[in-house]
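Single chain ahead, by itself, as structure tokens, in the form predicted alone.
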């Protein structure tokens, strides 16, 4: 990559942003449907894959001040809209995938897949993160949203997390400083997770694998894990199950063209074939309206909707 890469903004030849030299990679007009689990969404104006944390820091320190930044993990819990994402989308790759162990502590890069970390921990005889095994995301995303399942959450095991701010400052936060809550990591606005440390419990690898296999079988039996989906669509309201509210409102199997409310687990939306992001989003809004009319409860999106 040359010292200056030029990005055309808003389709105009008159508006440009200069992107500084990086050791990673820029990709322009990258189709984000290739990256998301829904297989929908328009292009990223520019996709940046930093080589490592130092490269990310350098990018932030030199980037134009008005450059919009979006971070994508595994693309599993997001719905990218049909017109794509303006500005720069950051994707953390192999430079953020190291896993190290120190007694009961595991330190994982933000780009590590949840399942990979779980399996590595099992091999080391460390238990606690098994609940992540069926969540098709990254450690960075899991910390950012305080991912959880089966009565466990990331905050139960998080020791510390390192983030890079939009002005290129690397900061370590102890778990106790974050006040994490249900599906909210409460990290500083714009912060990009680069590493996280967890304190786990010792257990025999065979026992851990039993738990892992039980979780995987439970997901296989109850969720459309092989479909084009973004995972749980809505957060569970207090003392309620989103799926039951949706089911009771008569929305199981509801469709808009190829967008469908799953018949297997109705807190999942599916792209059956050629659904548009707009159709999936509208279907979700139709579900929210039906539940509100039936119960007075407003479901809150858990899936993050991005773009134009």
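It should be emphasised that the depicted structure is a prediction, and the values quoted were computed from it without experimental measurement. Numbering follows the first chain given and starts at 1.
As for the form predicted in complex with a small molecule, it is not shown, yet the points below apply to it.
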- Task: Although the small molecule is absent from this view, report whether residue 87 comes within 4.5 Å of it in the predicted complex, heavy atoms only.
- Result: no
- Query: Within a 4.5 Å heavy atom cut-off, is residue 30 in contact with the small molecule in the predicted complex?
  - Reply: no
- Task: Spell out, yes or no, whether the shortest heavy atom distance between residue 149 and the small molecule in the predicted complex is within 4.5 Å.
- Result: yes
- Query: Hey, in the predicted complex, does residue 136 get a heavy atom within 4.5 angstroms of the small molecule?
  - Reply: yes
- Task: Tell me the stretch among 205-213, 122-130, 167-175, 192-200 that has any heavy atom within 4.5 angstroms of the small molecule in the predicted complex.
- Result: 192-200
- Residue within 4.5 Å of the small molecule in the predicted complex by heavy atom, from 115, 219, 184, 235, is 219
